[in-house]
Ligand SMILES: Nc1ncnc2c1ncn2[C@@H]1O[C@H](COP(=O)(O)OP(=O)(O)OP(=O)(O)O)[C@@H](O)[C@H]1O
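Here you get one chain, nothing else, as structure tokens; it is the form predicted on its own.
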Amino acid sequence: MILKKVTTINFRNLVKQDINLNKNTNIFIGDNAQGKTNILESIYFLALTKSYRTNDANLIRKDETFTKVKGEVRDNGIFKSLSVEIKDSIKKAKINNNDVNKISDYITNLNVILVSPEDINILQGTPADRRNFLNIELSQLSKNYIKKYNEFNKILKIRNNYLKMLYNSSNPDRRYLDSLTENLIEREIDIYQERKRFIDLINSNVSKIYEDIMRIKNFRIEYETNVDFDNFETEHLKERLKKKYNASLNKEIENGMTLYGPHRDELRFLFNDDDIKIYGSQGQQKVAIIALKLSEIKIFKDLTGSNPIILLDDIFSDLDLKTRNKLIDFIPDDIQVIITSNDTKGINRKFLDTAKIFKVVKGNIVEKVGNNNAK
């Protein structure tokens, strides 16, 4: 998968830009607060229809009424144009100039793996941050996942409201609740299975990456549910979930909410059975997250048949030369990489030799002549 061109209109501080990218490496350099990260954010927005940094309203350039990002993508010889627009608080996505009615039908057309300083929140942040990571990555990999997850959230909201009603009812009717629970379980099974498969695939790659970089063995990610399962087979999941909801009925009515399910999942980052969030140094934690993201490259290629696009947001300045070089070794040569940095000094020759370099100043992007070796 290659992003050949991206056009931004009123996106953040960027003036209207038409950026032609090469198939190898693209480097955007400039001082802080000039708009480098906004370029990566616009590509992320084009792929996932949302920002990883802020809400939709803040994406619109000051004193403007709308924002739009367009892109031209080549995927296994097939060309397609994508666009996402926000106007009057309404978001519209298009594929080949045709409106897409559901965002869930749009996502997966441009797959990106972002590595940014904010990623440390996956490890240091709340369980919701870790679930959000799972949801974003799996939404790019599986149309079934995003469909089931959206359905799950709708049913969960209805079930929670009905549990509140039951608490205030003198004669509660369980039949409707049982129907909601049955429909909830049906979606939960898919979510559990897809999350478990994804984490298993991550663990098949991430330990080697982390060991090669940090010389620490047995790094892994543990998927924790708040319902005890012996396995993730469909019938077993269904049986355990039914028992848990039946046994917890009074407790859930008293609390007015669904207390068990994938909306309470957690991830733990471990090396040698120690929680890296507690026992790991800042450097060990940072590399753990980068290793996590790099381990996804093979997963995306295996499951979709195409390489994802790698977005590296100013990650080189905080890493020593040895660590940088080891990380870069895990990025395939045939993958498109888009990098932001203050300058090119800390960027590995592997990237520079095939790079198209752009200078960013106050939201304006200028291609640097004489530094473009790959087209």
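Note that this is a predicted model, so its numbers are computed, not measured. Numbers for residues come from their place in the sequence shown, where the first is 1.
Here the subject shifts to the form predicted in complex with the ligand, a form of this protein not shown in this document.
Residue contact check for residue 321: none of its heavy atoms lie within 4.5 Å of the ligand in the predicted bound form.
Among residues of the shown chain, residue 343 is not one whose heavy atoms approach the ligand to within 4.5 Å in the predicted bound form. At a distance threshold of 4.5 angstroms between non-hydrogen atoms, residue 317 is out of contact with the ligand in the predicted bound form.
Put simply, residue 38 is close to the ligand in the predicted bound form: some heavy atom of it is within 4.5 Å.
Partner contact region in the predicted bound form: 27 to 35, out of 321 to 329, 303 to 311, 27 to 35, 346 to 354, criterion any non-hydrogen atom within 4.5 Å of the ligand.
If you take 71 to 95 and check each residue for a heavy atom within 4.5 Å of the ligand in the predicted bound form, you get nothing at all.
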